[in-house]
Ligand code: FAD
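Below, in structure tokens: the form predicted on its own, a single chain.
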Amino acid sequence: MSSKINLNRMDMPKQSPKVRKFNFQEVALGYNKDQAKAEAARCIQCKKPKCIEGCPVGVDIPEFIKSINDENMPDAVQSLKKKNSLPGICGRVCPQEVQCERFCVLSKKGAPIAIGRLERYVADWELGHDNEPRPEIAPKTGMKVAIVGSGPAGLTTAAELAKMGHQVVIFEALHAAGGVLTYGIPEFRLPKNIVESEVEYVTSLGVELEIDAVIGKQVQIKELLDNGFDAVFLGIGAGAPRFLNLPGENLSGIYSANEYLTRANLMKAYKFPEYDTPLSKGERVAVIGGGNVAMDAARCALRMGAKEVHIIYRRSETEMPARREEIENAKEEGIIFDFLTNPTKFVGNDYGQVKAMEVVKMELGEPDASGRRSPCVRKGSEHIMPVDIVIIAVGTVPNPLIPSATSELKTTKWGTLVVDDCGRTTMEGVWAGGDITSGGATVISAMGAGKVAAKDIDSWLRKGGAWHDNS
């Protein structure tokens, strides 16, 4: 490796913590042209790039980075969008540090290329240049596919199938498209205009979008297949909250992270009273959990006006599943981390409002099945922590609406749908991917599952499909 290679990556400009903790504007400001070119110039254009192997959707990373360095932005856009229909989203929320960037050869001696930041730069550049060429659309096949859910898996599957020439209709239960991208991830981390622009790109490929369409209630899966659709893809996520089942958990002022973030994001409580969505601010807020959702909820609570926000996590910082970047941002903003701490019950006042919770201190024992050290209670460590808002962010489970209404769909003991390696469910003509099959995972892994399913759906349809044989 040449000594001339720059092993220090370009920092991402950000809002000052003293300013950003009082607003919902995007924290990371993105590279300008010179910064992006300087970062792109660090790429050594490996002959056998390992970074591509770390990308769940197979983006040709060196190719789009070279185009940035060559100042050929239209080619950068085309290269990126060959494999990724949602680059503006992925560049902001994907955990590149454990995927593509982990495989970058520069990480052996310095910092890896900031692949995610460059991806965001390309996507944001395209937003300001509306006349860029669109991908080729194959001749119409005359076949029709229903996509249930407009999150990352659904949007990706829809885009891929549309490019293959199929007629595609997305059914979204909520009043806005985007799934978890819209209701779950805060504006300061993923601006909604970015999500809207990515959805518009997918619909520009010929995909139809129907909102307020609750499949499994208004219409059943079998009805879709009996009434014009040749295949169905389920990308309905895992949007039902998981709770702790502790005494007092039904007190007023205790939210699931799903409800809290949906009110704050999709229903725009942060713009109250412009939007008439109630959401308690709280003086002293506790968020239970250690993932990205917990970070999002805590940082939302701070911006909503809480004077003090604690993240309660039963393991140490080393075991936290949240991205390092999000943990650092939360710390910079003044979020208090109570590690090796776990709630045991919630205490209310005479009006049924939470006023405190009992917590215990934990110690780490041997690793569990996930490889993380199991937390054990430290005897005699019980103490009371005053709080007036609690947000439970300990994971999600699939909504049982569609599986319970569709006997042909088999589920696991966790409520996820049973699928094979191609995303085929146990119901003929129906595929699934994303969190509904994996449980809570990443945006890019859901997109990867969508691409796999789309390829298999296309192959199945072109061969006639068993569903057609039975019709």
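Residue numbers here begin at 1 and follow the sequence given. No experiment lies behind these values; they were computed from the predicted model shown.
The protein also exists as the form predicted together with this ligand; that form is not presented, and the subsequent description refers to it.
The shortest heavy atom separation between Val430 and this ligand in the predicted bound form exceeds 4.5 Å. Interface membership of Asp296, defined by any non-hydrogen atom within 4.5 Å of this ligand in the predicted bound form, is confirmed. Under a 4.5 angstroms non-hydrogen atom cutoff, this ligand in the predicted bound form lacks Phe339 among its neighbouring residues. Looking at Asn84, you'd find every heavy atom of it more than 4.5 angstroms from this ligand in the predicted bound form. The putative spot formed by Val93, Pro152 and Glu172 is fully lined by this ligand in the predicted bound form; each residue has a non-hydrogen atom within 4.5 angstroms of it. In plain terms, the part of the chain that comes close to this ligand in the predicted bound form, with a heavy atom within 4.5 Å, is 435-443 out of 419-427, 23-31, 435-443, 404-412.
Exactly one listed residue, out of Phe188, Tyr183, Tyr201, Phe346, brings a non-hydrogen atom to within 4.5 Å of this ligand in the predicted bound form: Tyr183. The single contact residue among Gly116, Gly289, Gly237, Gly88, judged by any heavy atom lying within 4.5 Å of this ligand in the predicted bound form, is Gly237. Contacts between 209-229 and this ligand, taken as any heavy atom within 4.5 Å in the predicted bound form, involve Ala213, Val214, Ile215.
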